[in-house]
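Before any questions on how it binds or moves, here is one chain, the form predicted on its own, in structure tokens.
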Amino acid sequence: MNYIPNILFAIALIVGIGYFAKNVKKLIRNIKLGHDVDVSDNTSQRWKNMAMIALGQSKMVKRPIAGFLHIIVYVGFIIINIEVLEIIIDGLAGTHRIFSGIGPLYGVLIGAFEVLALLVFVSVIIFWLRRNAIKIKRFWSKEMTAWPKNDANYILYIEMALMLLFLVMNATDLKFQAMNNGNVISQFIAPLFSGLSEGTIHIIERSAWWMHILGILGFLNYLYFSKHLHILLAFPNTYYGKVKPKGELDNLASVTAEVKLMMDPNVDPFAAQPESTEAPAKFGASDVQDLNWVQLLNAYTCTECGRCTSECPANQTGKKLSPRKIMMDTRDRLEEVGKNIDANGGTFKEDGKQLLDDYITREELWACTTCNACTEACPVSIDPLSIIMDMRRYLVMEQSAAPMELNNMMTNVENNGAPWPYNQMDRLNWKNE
């Protein structure tokens, strides 16, 4: 009978980690639906970006209040969960606070954890107030529908509950309180339970212990369905993020090869091209499978914080474009494609939908000024502009569906060698006026 709690704990641990591993496998599968891209260059710069941006939170603090609070939650939540290792050992082996044997250092560690837990709890309350009471504009944009709003609040509630359970667990642990070492915060909570019997207090402590670890396992598995997936993906995303100058756009390899062929004086322009059995590659992107895997990783990493949209000049002037919505739509479509694959035995069955038009409108795409304000603002190196540019390429090169103004400009470049509708011989006429 004494082994039943240990067996139940092992089952909960296996189920929780197993379900998480299953979702991680699905996540990797979905990201790999994108075509390959070489990101093996600038290794040292990539490691530096990951250390500074993901670990060091360097871009978060550009907005000091939110940045400072986020660092508290980020550092506190990670450090406090170091205690999960002790909980796992205790749960499997049937011990109680197995690390307490290290002496006074244990009290120092738990005391630091308690202070951080209180700071995290307060920070999360402030986050909740900013989102729901103050109603900061970027949290209430059109794309922030019921689920994104609720998801953000669910995360805040879970974090508050986990911190509170941690403190209650310590406050009702009579042996820990008797140590009088490390109970920096919990000592002020302990008197709330002083009128209860020792047996009742023990039940509360065990209940808090179980709810704390089950809450952590539940939160771990909630990540896949939540914007909080960036906790895990911010590190690879900042590593594989763009390292070239933001204003440098990539060229399509097929178009580059064609241009080089046209400019090569040694090539016979009348020579027959070798026949190919492969279907020609699509120019640009109309669906998630046409994007590269880094762009799909970007979509899953999006925190929905709205910093990109709040900096977007097109959005600020009332245009329909929202870079955050571009990323959210890409992720939603990718999830839809993934569910399609799951439902059809591992293969995608055409569903008559695509990212273009069904999720992202052409009006949104052409509203973009390509200023890179969104990529500069993103705290985890997401690049919405690359997706916008690839979808524009599809419209122009596959459908000839550019706006009239752009078509006129390209016609002028082709005929006159300049964007303006003047013959090359008339360019200097202005000097005679």
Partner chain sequence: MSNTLKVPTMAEYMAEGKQPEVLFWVGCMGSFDDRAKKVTKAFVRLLNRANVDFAVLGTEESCTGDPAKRAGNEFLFQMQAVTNIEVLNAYEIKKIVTACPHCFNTIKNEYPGLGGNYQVMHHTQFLKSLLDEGRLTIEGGQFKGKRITFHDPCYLGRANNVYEAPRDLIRKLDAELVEMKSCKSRGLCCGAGGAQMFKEAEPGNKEVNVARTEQAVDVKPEIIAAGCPFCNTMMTDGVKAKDKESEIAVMDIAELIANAQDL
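Definition used throughout: the rigid core is the maximal C-alpha set that superposes within 1.5 Å between two forms. Bear in mind that the values here come from a model prediction, so they are computed numbers and not experimental data. Numbering follows the first chain given and starts at 1.
What comes next is about the form predicted in complex with its partner chain, which is not displayed.
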Which of 315-323, 113-121, 292-300, 76-84 lines the interface with its partner chain in the model of the complex (heavy atom within 4.5 Å):
315-323
Would you classify Phe20 as touching its partner chain in the model of the complex, given a 4.5 Å non-hydrogen atom cut-off?
no
Any chance Gln57 has a heavy atom within 4.5 Å of its partner chain in the model of the complex?
no
Quick one: does Asp357 come within 4.5 Å of its partner chain in the model of the complex, counting heavy atoms only?
no
Contact label in the model of the complex: Ile11 to its partner chain, heavy atom within 4.5 Å
no
Checked Glu350, Asp342, Glu258, Glu198 for heavy atoms within 4.5 Å of its partner chain in the model of the complex; positive is Glu258
Single option in Leu192, Leu105, Met263, Ala93 placed near its partner chain in the model of the complex, where near means a heavy atom within 4.5 Å
Met263
Judged by heavy atom distances of 4.5 Å or less, which residues of 408-425 approach its partner chain in the model of the complex?
Met409, Met410, Val413, Glu414, Gly417, Ala418, Pro419, Trp420, Tyr422, Asn423, Gln424, Met425
With the core lined up, does the C-alpha of Met425 move 2 Å or more between this form and the one not shown?
yes
